[in-house]
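What follows is one chain in structure tokens, specifically the form predicted on its own.
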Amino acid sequence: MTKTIAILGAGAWGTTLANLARANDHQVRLWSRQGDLSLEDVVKNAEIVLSAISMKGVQDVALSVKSCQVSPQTIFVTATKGLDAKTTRTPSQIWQTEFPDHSVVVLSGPNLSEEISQGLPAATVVASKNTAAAQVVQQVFSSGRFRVYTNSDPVGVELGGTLKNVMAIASGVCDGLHLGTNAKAALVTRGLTEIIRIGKVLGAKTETFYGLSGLGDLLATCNSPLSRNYQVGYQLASGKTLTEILASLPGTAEGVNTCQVLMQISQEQNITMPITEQVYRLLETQVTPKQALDELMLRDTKPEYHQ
């Protein structure tokens, strides 16, 4: 059945998702701050409201939508990957707080928007505590070129897409320093271990991180120059400053903000995050890329897994 869908955020990802839904004959209204349509007109009578805005705008936009006329049956979908700097909350937690009686679905996966917009095959995950809501969103976006899976662990799916951005910065540094395939494989593998460690403390299921929204997204983002977070790391290793990199970067590298929030969580929850810590120190110009590498390589020896 044809759905009326409001997509908030007309950047690369929001536009790509809008085109996927339109290709399935759904009615799509696309909103941006610079657009001609008002937020109220876009969300009015929408059966699905999908947020693809940058993390820093989620709270304000959620509050603005709250003041609009929204149907009690409206499903909210969040496709933002990040953590709120003030509250450390995820995007879905923000939307659920403002709309406690609505279903909230998380959409995340190895989804480089440029490839999807070219019609290249990809897969993603939609996760919600409400299985029926996730299945509705699955049907809206599924196609022969875009395979959509459902999942019942929205926290894990969301954290997988968020935490891998920090690892992508580290991966970009690894490639920028030409450290080789062995180093890259070790970094990504230990990065996944770190993501799982953080995720478990924050309430996610371990198995989720071995799926598309965890390992899948990690592999895509850590290996593609199309990733903005990867580009941050690669260009840092090439000698550019963070200010220079962010000024020339199209869109937002959410990993920069996420890294800062994770360090706050690390201190509050006493979680060991060696890779995240070195990325943070690098972003804060406390160490050079080479010094960050040395810190990781010279850590105390230990078992790979705690039994």
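Heads up: residue numbers just count along the shown sequence, starting at 1. None of the values given here were measured: they were computed from a predicted structure.
Not on display, but discussed next: the form predicted together with a small molecule.
- This chain appears without its partner; in the model of the complex, the one residue of 221, 128, 92, 208 with a heavy atom within 4.5 Å of the small molecule is 221.
- Mapping the unseen interface onto this chain, residue 217 counts among the residues with a heavy atom inside 4.5 Å of the small molecule in the model of the complex.
- In the model of the complex, none of the heavy atoms of residue 171 sits within 4.5 Å of a heavy atom of the small molecule.
- At a distance threshold of 4.5 angstroms between non-hydrogen atoms, residue 110 is in contact with the small molecule in the model of the complex.
- Under a 4.5 angstroms non-hydrogen atom cutoff, the small molecule in the model of the complex has residue 252 among its neighbouring residues.
- Only one of 178 to 186, 98 to 106, 133 to 141, 158 to 166 places residue heavy atoms within 4.5 angstroms of the small molecule in the model of the complex, namely 158 to 166.
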